[in-house]
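The data below hold one chain only, encoded as structure tokens and taken in the form predicted on its own.
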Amino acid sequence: MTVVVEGEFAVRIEDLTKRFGSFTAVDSMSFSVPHGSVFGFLGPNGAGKTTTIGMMLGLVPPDGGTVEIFGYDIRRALSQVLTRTGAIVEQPAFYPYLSGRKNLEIVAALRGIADRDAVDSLLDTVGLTERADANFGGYSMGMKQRLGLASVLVGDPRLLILDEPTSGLDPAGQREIQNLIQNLAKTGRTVLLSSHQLNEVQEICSHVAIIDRGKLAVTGPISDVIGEGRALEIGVDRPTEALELLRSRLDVEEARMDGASVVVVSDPEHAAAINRALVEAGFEVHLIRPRADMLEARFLELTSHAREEATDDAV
């Protein structure tokens, strides 16, 4: 497991564990979320993401370990945590025959806020001012998601926990929500984003944690996790033999197979030397290019390794 963390943290999770009978859903997990970051929280279905988020919000009691949000232990100071946190764990639910404005006023009233100007400001923040008085039931999926984001901003929380906020949206709707998330982070808020959209996470997140089968596989700045800007995809005959050669070079930090290609992490200035070394060793290089989809490749590599290890342990 690789762990790279830095700076001050909005969330600190240490040795967090949750069991359901004999099944361990979250297994001694530890990671930290830096203040002001957009933090991607990734894992296959059943990896333990929702259980972890449930423990962060006090919805699921942990069997071990700690969760601190802004320095408050959720077991001892849950009310202080919740006043500083807004979350969408599932699809936002509102009254379909009431307007977006009225729905948001109800959410605000339930939280003890009767300031209509604050509601208008939130509608403006999420771009719903023009449709604020239309019934929620007539909203598009993207508008519903934007109203959901407005609802979690009631009370001005400093941490936002968003579970699949762009699920079911078309590309234009996804882009709207992504831009909104980035703008919210620029105001000093911290965003923890759970998503299956790996390209989305790679584009908008500053940090990431990848988990599998309840265990942490890697965490840190996304550029460190994926070798951003330093990854090359190499297409070559006899890729397995080429992999061994590349792993022996001092200018290659990491080399691994990805399908029929070899992916290396190295300083970009070494690309020509790497290509020349392969050719001089008798390999035919038909492709060498920067790798743009590294988060997906890294995700598949880490989670497949975890599954292989689990299978080996069971044998």
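For clarity, every value in this text was computed on a predicted model and none was experimentally measured. Note that residue numbering begins at 1 and tracks the sequence as displayed.
Omitted from view is the form predicted together with a small molecule, to which the following refers.
Trainee: Select from the listed residues A255, M29, L278, A47 the one whose heavy atoms reach within 4.5 Å of the small molecule in the predicted complex.
Mentor: Spelling it out, the residue with a heavy atom inside the cut-off is A47.
Trainee: Does any part of A25 reach within 4.5 Å of the small molecule in the predicted complex? Heavy atoms only, please.
Mentor: It does: once the small molecule is placed as it appears in the predicted complex, A25 has a heavy atom within 4.5 Å of it.
Trainee: Closest heavy atom of S266 to the small molecule in the predicted complex, within 4.5 Å or not?
Mentor: Contact with the small molecule, no.
Trainee: Check whether T51 has any heavy atom within 4.5 Å of a heavy atom of the small molecule in the predicted complex, and answer yes or no.
Mentor: Close contact exists here: in the predicted complex, T51 approaches the small molecule to within 4.5 Å, heavy atoms only.
Trainee: Counting only heavy atoms and a 4.5 Å cutoff, which of 268-276, 38-46, 283-291, 244-252 contacts the small molecule in the predicted complex?
Mentor: Only one stretch passes the 4.5 Å heavy-atom test: 38-46.
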